[in-house]
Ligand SMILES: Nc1ncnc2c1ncn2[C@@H]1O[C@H](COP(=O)(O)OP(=O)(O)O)[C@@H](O)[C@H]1O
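The data below hold one chain only, encoded as structure tokens and taken in the form predicted on its own.
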């Protein structure tokens, strides 16, 4: 995978459902605005009209969905988002902060569903033009803690249970171990403000802010 090459940057947040990554992504965009860096946030699956339509199918389908169909739909949504939203912003010099990206497929469909991580990685590369985040924050929390934080109303994947979420977390830990320079592990059990302190400290070091 290749890193973004313009003055724009690509930052992603990853973790199991309930880890707090969405809150941290929003806080980061606000902080970037404060220091006059033009930034936008996107979410996965979604972030584009076609990708949002795929999101509805992925998260709320009432019919049984095969694991491979789920994986391919996830990557299809990502391909559309990358082509129509993420890459144009980066090329124009904006910083893009994503609530999930390619690592989520490796964790959820690879670790969680048991599909081939290598195969998913190759399809991810094809769908994303090999775009790689400049930095990824893995907000790590124990599965039980994450489960406590989630709302009662859960989507199709959030309903998979603790064993599934543990496999997802284990795969995220493997991703971090294989690429520690890109994937920064953050202790998500801390307060929201302390988590963001750690995120911002890593941002300042990475980008000399």
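Computed from a predicted model, the values in this text were never measured in an experiment. Numbering follows the first chain given and starts at 1.
This next part talks about the form predicted together with the named molecule, which is not shown.
Interface membership of residue 11, defined by any non-hydrogen atom within 4.5 Å of the named molecule in the model of the complex, is ruled out. Taking the partner from the other structure, the named molecule in the model of the complex has a heavy atom within 4.5 Å of a heavy atom of residue 195. The named molecule in the model of the complex is approached by residue 149, whose closest heavy atom lies within 4.5 angstroms of it. This chain is displayed without the named molecule, yet in the model of the complex the stretch 22 to 30 from 22 to 30, 161 to 169, 174 to 182, 35 to 43 comes within 4.5 Å of it by heavy atoms. Contact residues in stretch 180 to 196 (any heavy atom within 4.5 Å of the named molecule, taken in the model of the complex) are 188, 190, 191, 192, 195.
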